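A lone chain, given as C-alpha cells: the form predicted alone.
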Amino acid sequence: MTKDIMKTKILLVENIHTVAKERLENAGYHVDLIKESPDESSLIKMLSQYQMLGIRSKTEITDKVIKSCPHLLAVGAFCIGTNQIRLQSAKMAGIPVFNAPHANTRSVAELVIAEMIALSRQLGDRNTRAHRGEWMKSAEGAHEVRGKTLGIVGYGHIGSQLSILAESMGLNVIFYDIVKKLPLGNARPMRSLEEVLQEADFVSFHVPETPQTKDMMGPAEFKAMKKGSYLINASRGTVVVIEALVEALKSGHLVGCAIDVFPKEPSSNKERFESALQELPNVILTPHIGGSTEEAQYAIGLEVAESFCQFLSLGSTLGSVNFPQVDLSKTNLTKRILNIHRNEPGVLGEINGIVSEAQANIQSQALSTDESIGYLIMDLETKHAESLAEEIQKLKRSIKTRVV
C-alpha cells in the first residue's frame, strides 16, 4: 500500500450499497459511509476531510460546493442521472464525474412490465378493495397485454431492454428516439413522438432530464394519445405535466397510469409525499424505486467503485460523463503524472519544457481534450515526479496535477 493511497479518504452518502465501501477498502482507501443526504453547508464542511465523494440522486453538487472543495479529485453518482451535479463547473475544477449507466437497466425494465400488467388488470384498485373487505370480482375493464402495442420513448439501455422483454410477452413494440437507434427484434422506430402516442396502448418514458424533455407530455400530447391507453413514467419527474395527466385521467381519455418519478419528491422517507394523482382510480404511484432492487444497487456499487479505483490508481477517466476519455495501463518502471489544464495553445510545450529541463525521460505521453480542458498523462523515468508535478501545477493554465 503506497503512502498516497493511505492518504486518500472517500465519503459515500445516501446509504450507497456497502459493496462499494468493501471494494474501495480492499483497494487500500479509507471510506466512510453515511445514510443521509447532506445539505449544501453540511456537505462542504464534511468534504474538507475527503478527496472523493459518492452520492445518489438527492445530494446536490452545486457551484458553491465545487468552489469550496478545490481538493476534491472526483465525484461518483451511484445511479444513472447526473442532473444533481454541476458537470461543467466540476470539469473546470478538474473533477471528473462517474455514474452507472447500465447497472439498473434490468430492474427498471422489469418494473415497467409489472406495471403494464397491473394496470391492464386493475390490480392496484382490486388489491386495495380486497384489503378493505370489498370483493371486486369482474372481468370488466381487465385485459391481457398480449397483442397490445407498447410505445417506448427513449430507446437507450433501459428502453431497448424493455423492448426485448415486452416482445417476448407478445406485445408489439414501437419506439421513438431523437438519435437513430438499431431496432431489436421486431421493434419498429417511429418518426415522431406524436406517432407513438397515436398508436400505442401503453406509452413508457425512458429519457434523460434535458431542456428538450422538460414538460414533453403536456395537454396537447395527452390529447394525441390513443383513447383508452396508459402512461408509464419511470424516467424523470419533469417529463410529465402532472396537472395535464390528472385531467386526461379524469376525462377518461387515459384509463390508467404508473408514475415512479415526480417533479417534486420528498427529501427523505420521513417527509410526507403529496400528489394530485392520489386517490385517482387505476393509478400506481411508487416512490422512485425503478432501480431500487438489491441486485441493481449491488451492481451500481461495484461499477462506480471500480471507476474510482481505476481513476485513483491509473488516472483512467473511461466512463466519465464530463471529462475527456482516457484508459491506459501502467508499468511499475515509471512514475505517472496526471495534469488537467485549460485547453489553450502552448500548454503542452510549457509542460514538456519543465520535464526536459529536469532531464526526465518520457516513456509515454497521452493527451485527450475537449473544448474546455486538456487531460495529460505522462509516464516518466524519474525519481523526482512529485517535484515535477509541483512545478507543472504552478503553470497559470494548470487546473489540477497529481502523481500516481
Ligand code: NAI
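Numbers follow the displayed sequence, beginning with 1. On a predicted model such as this, the values are computed, not experimentally measured, just so you know.
Omitted from view is the form predicted in complex with the named molecule, to which the following refers.
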| query | finding |
| --- | --- |
| 4.5 Å heavy atom contact, residue 120 to the named molecule in the model of the complex | no |
| Residue 220, heavy atom within 4.5 angstroms of the named molecule in the model of the complex | no |
| Non-hydrogen atom contact residue 260 with the named molecule in the model of the complex at 4.5 angstroms | yes |
| Touches the named molecule in the model of the complex: residue 313 (any heavy atom, 4.5 Å) | no |
| Among the candidates 114, 289, 318, 224, the residue which, in the model of the complex, approaches the named molecule to within 4.5 Å (heavy atoms) | 289 |
| Residue among 148, 157, 330, 253 with a heavy atom within 4.5 Å of the named molecule in the model of the complex | 157 |
| Listed range touching the named molecule, judged in the model of the complex by heavy atoms within 4.5 Å, from 269-277, 163-171, 134-142, 199-207 | 199-207 |
| Residues within 4.5 Å of the named molecule in the model of the complex, restricted to 164-199 and counted by heavy atom | 176, 177, 178, 179, 181 |
